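There is one chain below, alone, in structure tokens, taken in the form predicted alone.
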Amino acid sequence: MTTDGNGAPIELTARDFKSDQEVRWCPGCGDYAILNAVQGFMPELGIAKEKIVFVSGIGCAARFPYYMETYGMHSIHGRAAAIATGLATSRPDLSVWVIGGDGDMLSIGGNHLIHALRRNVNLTILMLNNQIYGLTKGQYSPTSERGKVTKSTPMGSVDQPFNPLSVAIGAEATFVARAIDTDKKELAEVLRAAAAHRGASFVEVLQNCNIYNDGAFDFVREQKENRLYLRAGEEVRWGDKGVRIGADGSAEVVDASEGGLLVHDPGHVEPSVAFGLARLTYGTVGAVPLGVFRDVRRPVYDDSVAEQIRAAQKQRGEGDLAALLHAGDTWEIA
């Protein structure tokens, strides 16, 4: 239960998380649905607004903190994960969220993202993937498909695109999930699981940019039969098809009637199964896996740093910052 400054219980609603700022995304942008879903979910946290922080980099999605009635920071291009790491480590009492697009997080910010994930910093990271640079008017991004014709690739992109979930799992992320912008119910389910996870939670949200990359995910946003929902403890299947793990460890699609289907276990310690599921795409198997791929426990970076500080203080005392700055080899510039 959320309480006010005097300890009295108060009940927050989605409206309490809407700021007084005018929302300035293009009409029809998928970001609206994601913003509404997040604002609607926030009361479930039971955390006072003053204890919640949204950190973003640069891009369309990076305007998110303006629209949340919480603390927030619209920071530097690609640096949101790094700034959030410092905040979460120094203020473990806060719920820290990172918001960014595929260009911000997987291009200039790729290095910061993978290190936040492998360190397992206590962050909830939402990557809004529209497979394009929308804010700068339509250049190809690190997730754009090969052959993508944009203003910066007039003959078609020759890059092999990132699979965001493969990147996250490869970086040893302890929580990895995927949702769709317009699927509010399932998006809320994923947000619920991500927020409950202690450590770095990475969520890819497939988001439509109706101006520069309209319809990029219609095959799963509009055609629900192409959605493969991952449910813990249930067979991985959709329609008359299912998934088995092959002899080489890869996920393979078979006729569901053959049996022996994979039973989804996001808590499996080995990441290979989650990685195999992340490799399934509409282009290769005709369906897109959604939900929680991986949810495992590992020491949290923030806790380890705090423990180390306590150990240092026990051995050497509280310390003196001024004395530290003037210790060792110093010199004066004449």
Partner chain sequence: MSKPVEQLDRVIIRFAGDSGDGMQLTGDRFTSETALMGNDLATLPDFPAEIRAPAGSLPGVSGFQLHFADHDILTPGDQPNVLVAMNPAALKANLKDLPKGAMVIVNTDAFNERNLQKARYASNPLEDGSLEGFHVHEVALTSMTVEALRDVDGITSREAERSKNFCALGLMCWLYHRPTEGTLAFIEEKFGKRPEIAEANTKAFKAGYNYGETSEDFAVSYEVAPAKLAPGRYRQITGNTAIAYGLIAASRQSKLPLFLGAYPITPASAILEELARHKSFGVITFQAEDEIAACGAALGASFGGALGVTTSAGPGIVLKSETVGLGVMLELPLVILDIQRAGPSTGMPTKPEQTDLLMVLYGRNGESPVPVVAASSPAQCFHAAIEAARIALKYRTPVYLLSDASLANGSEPWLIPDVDSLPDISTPFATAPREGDPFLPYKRDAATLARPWAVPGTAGLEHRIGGLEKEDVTGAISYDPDNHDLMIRLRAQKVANIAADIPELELDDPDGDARTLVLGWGSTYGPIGAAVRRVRRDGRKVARAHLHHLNPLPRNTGDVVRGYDKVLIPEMNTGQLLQLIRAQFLVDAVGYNRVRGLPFRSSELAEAITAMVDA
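Computed from a predicted structure; not experimentally measured. Positions refer to the first chain, counted from 1. For the two forms, the rigid core is made up of the largest set of C-alpha atoms that agree within 1.5 Å on superposition.
The discussion below concerns the form predicted in complex with the partner chain, not included here.
The listed set P65, G291, G276, P266 contains one residue whose heavy atoms approach the partner chain in the model of the complex to within 4.5 Å, identified as P65. For the options V253, A171, A193, L94, the one in contact with the partner chain in the model of the complex, meaning a heavy atom within 4.5 Å, is L94.
The three marked residues, V220, A232 and D240, fail to reach the partner chain in the model of the complex, with no heavy atom of any inside 4.5 Å. Segments offered: 245-253, 67-75, 146-154, 202-210. Contacting the partner chain in the model of the complex at heavy atom distances within 4.5 Å is 67-75. Shown alone here, A312 lies within 4.5 Å of the partner chain in the model of the complex, counting heavy atoms only.
When contacts are judged by a 4.5 Å heavy atom cut-off, S257 does not count as touching the partner chain in the model of the complex. Using a 4.5 Å cutoff between non-hydrogen atoms, Q139 does not count as a contact of the partner chain in the model of the complex. When contacts are judged by a 4.5 Å heavy atom cut-off, R15 does not count as touching the partner chain in the model of the complex. Residues of 74-103 lying near the partner chain in the model of the complex, listed in sequence order, are H74, S75, I76, H77, R79, A82, I83, T85, G86, L87, T89, S90, R91, L94, the criterion being any heavy atom within 4.5 Å.
Fitting the two forms on the rigid core leaves the C-alpha of E318 displaced by at least 2 angstroms between the shown form and the other one.
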